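Below you'll find only one chain, the form predicted on its own, shown as structure tokens.
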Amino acid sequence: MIENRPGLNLLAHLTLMLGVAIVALPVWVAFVASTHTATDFMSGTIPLWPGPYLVENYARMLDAGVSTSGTPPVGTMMLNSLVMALLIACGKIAISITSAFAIVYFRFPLRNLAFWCIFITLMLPVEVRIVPTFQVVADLGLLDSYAGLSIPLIASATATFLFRQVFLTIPDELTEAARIDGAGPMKFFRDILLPLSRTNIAALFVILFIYGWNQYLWPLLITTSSDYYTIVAGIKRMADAVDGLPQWHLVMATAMLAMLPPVAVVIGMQRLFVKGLVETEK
């Protein structure tokens, strides 16, 4: 039984509002900055209310970009980030769910060793192996390509572990019933395991999409052609303008546009995302 304590409820609401304000204030400042001109920030004070240049600044970034930083229009960079994020998310899920299926439902020598060899790769993130990975990608001729952007990031030990744990919760009776009905391994995987894992796949897709969208170091390293710049790396290049001071109002406009796809994915898949995180029984 939960007691109704007005004072405690008020404290909880105040704490939540304070947390929202702390999170939302930088976003509000970035939005306000994106509606002003560059000269409005030279005085050392930051306006707190939107300016009259919202449509002009956003239209400029979507249409032409910032020439001094060598970046293409924001739409091109967002498309590159979208393709990379989708390839990474879908690739990680496809590889992880099939590898977990093999580890749980097939009996072969050194099966547990294979799983732990996959799991131990968590200690080797991209930043640790970035030099040999770059060398391999360069030798294969995958620089400045969607394959080069996504394939080195496409394996996921975490997703394999999560799918393995999901499959271990599925009753053995279900497997036996499918076998009695004449279902082969792939039919069992397609007709039983995939539907039961739908919410977990959705939750992982949200997490992995945001992971792929926010990639910074790897795209910055392997892309030299502006045709393959991603939005996060593009923001970095805008902030490091060579021929003059950074145009912060345009950088902030780009940052606001870069937030839209991840926010849309989280909102659109919120119900499945929450269900996939809290669902423990099949």
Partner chain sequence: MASIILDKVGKIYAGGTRAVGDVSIDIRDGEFIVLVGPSGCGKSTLLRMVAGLESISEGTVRIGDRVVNDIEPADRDIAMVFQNYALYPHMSVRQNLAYGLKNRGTPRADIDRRVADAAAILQIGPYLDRKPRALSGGQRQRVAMGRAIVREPAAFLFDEPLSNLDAKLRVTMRLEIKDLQRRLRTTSIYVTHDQLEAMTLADRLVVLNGGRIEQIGTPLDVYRRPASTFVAGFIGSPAMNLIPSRAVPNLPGTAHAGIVGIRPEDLAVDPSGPIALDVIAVEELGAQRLVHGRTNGEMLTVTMPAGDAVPDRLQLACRPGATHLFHAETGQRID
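Numbering follows the first chain given and starts at 1. Please read all numbers here as calculations on a predicted model, not as lab measurements.
The discussion below concerns the form predicted together with its partner chain, not included here.
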inquiry  = Exactly one residue in 157, 83, 90, 192 has a non-hydrogen atom within 4.5 Å of its partner chain in the predicted complex; which is it?
reply    = 192
task = Sort through 147, 140, 177, 110 and report the residue having a heavy atom within 4.5 Å of its partner chain in the predicted complex.
result = 177
key: its partner chain in the predicted complex: contacting segment from 181-189, 158-166, 73-81, 201-209, heavy atom within 4.5 Å   = 181-189
